[in-house]
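The chain below stands alone, shown as structure tokens; this is the form predicted on its own.
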């Protein structure tokens, strides 16, 4: 019998705040979270703004004694995981711990810790470096810490594939349940890379918008005058569960995950492959695994970074797969227009956004869309959301290194 995989709990920490209610309200209203960075001096940086998680109080969710030993990306993930587990009402005491997995992605890991301890190293010497440097900085500690919190002894590791990290984590989790390795996986992504080094690196790569005079209008996916993405931070965690396992315990079901596509451009370190064939193929693979007609897709949550090349390639890929006529009928939107690019956490948070759209029969907008780019001429749900029934949706994630993931989610039908 085919094992079906459903989402039974979700938790998020985003620039809108802590929790999915704040995320959904912000998305529905079409509000930008971009502001000038205040937690370090940005006067010498070409880009001076980002989408920061403000007023974050981890002590309200985590034992205060643990916090000083946790990098910010670990704090985010533990809070998001706690919210997701509570939302699912799952009791791990009733489940074989070897049937519960944790797979969480992060593109960078503990960058803040690396910077701080490098400074200590060069200013005060090696003996003053924190003994917690390594466990605070390595990306896999997110999945390790969550497993310790809930006693999960099944599959456990990190996915590190730049901006596709969170989506890859969900993809691996989906496959692990589908093939019978586990029954439940706590999965998603976390990132906290808005640090001096992180900002400087992306600035030097010429990847970021420099619209310092108007940060809230800087992230403008698919708009003709886009000039780069806006950094964001946060975490998104989902509880994926085998359907019969979920039904047996009377779990509420948000959506069903039907298929995962994974490809690579094999082309360039940062630029997308110009034919858009790998991006087209990744969506096609997700649809094929889901066993649906591609013409059934109602909505695409685009990777939509607000960069010149990515938005053009993604638009081209959608046209290649669906054909011009169908492509123009699909509602598309970019979550990044409001919360920026959460890097390794983006795939998870954007899948959560997609699921919330499905559950609310509402397409959130792509804000700051003002002038059409002739090469980006589809329906991006400009500036104002709209009501629409969504039966099937794709969530796309494309990362530096050419990593592509597309997740097919659908309205749960018994």
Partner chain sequence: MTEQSIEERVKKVICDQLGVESSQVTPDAHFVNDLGADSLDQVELVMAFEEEFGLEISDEEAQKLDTVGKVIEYIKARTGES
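Numbering follows the first chain given and starts at 1. A quick note: this is a predicted structure, and the numbers were derived from the prediction, not measured.
The same protein also exists as the form predicted in complex with its partner chain; that form is not shown, yet it is the one meant from here on.
**Q** Sort through 148 to 156, 86 to 94, 300 to 308, 68 to 76 and report the only stretch with a non-hydrogen atom within 4.5 Å of its partner chain in the predicted complex.
**A** Residues of 68 to 76 come within 4.5 Å of the partner.
**Q** Since exactly one of 275, 210, 130, 204 fits, which has a heavy atom within 4.5 Å of its partner chain in the predicted complex?
**A** Result of the distance check: 130.
**Q** Mark residue 135 yes when one of its heavy atoms lies within 4.5 Å of a heavy atom of its partner chain in the predicted complex, and no otherwise.
**A** Heavy-atom contact with its partner chain at 4.5 Å: present for residue 135.
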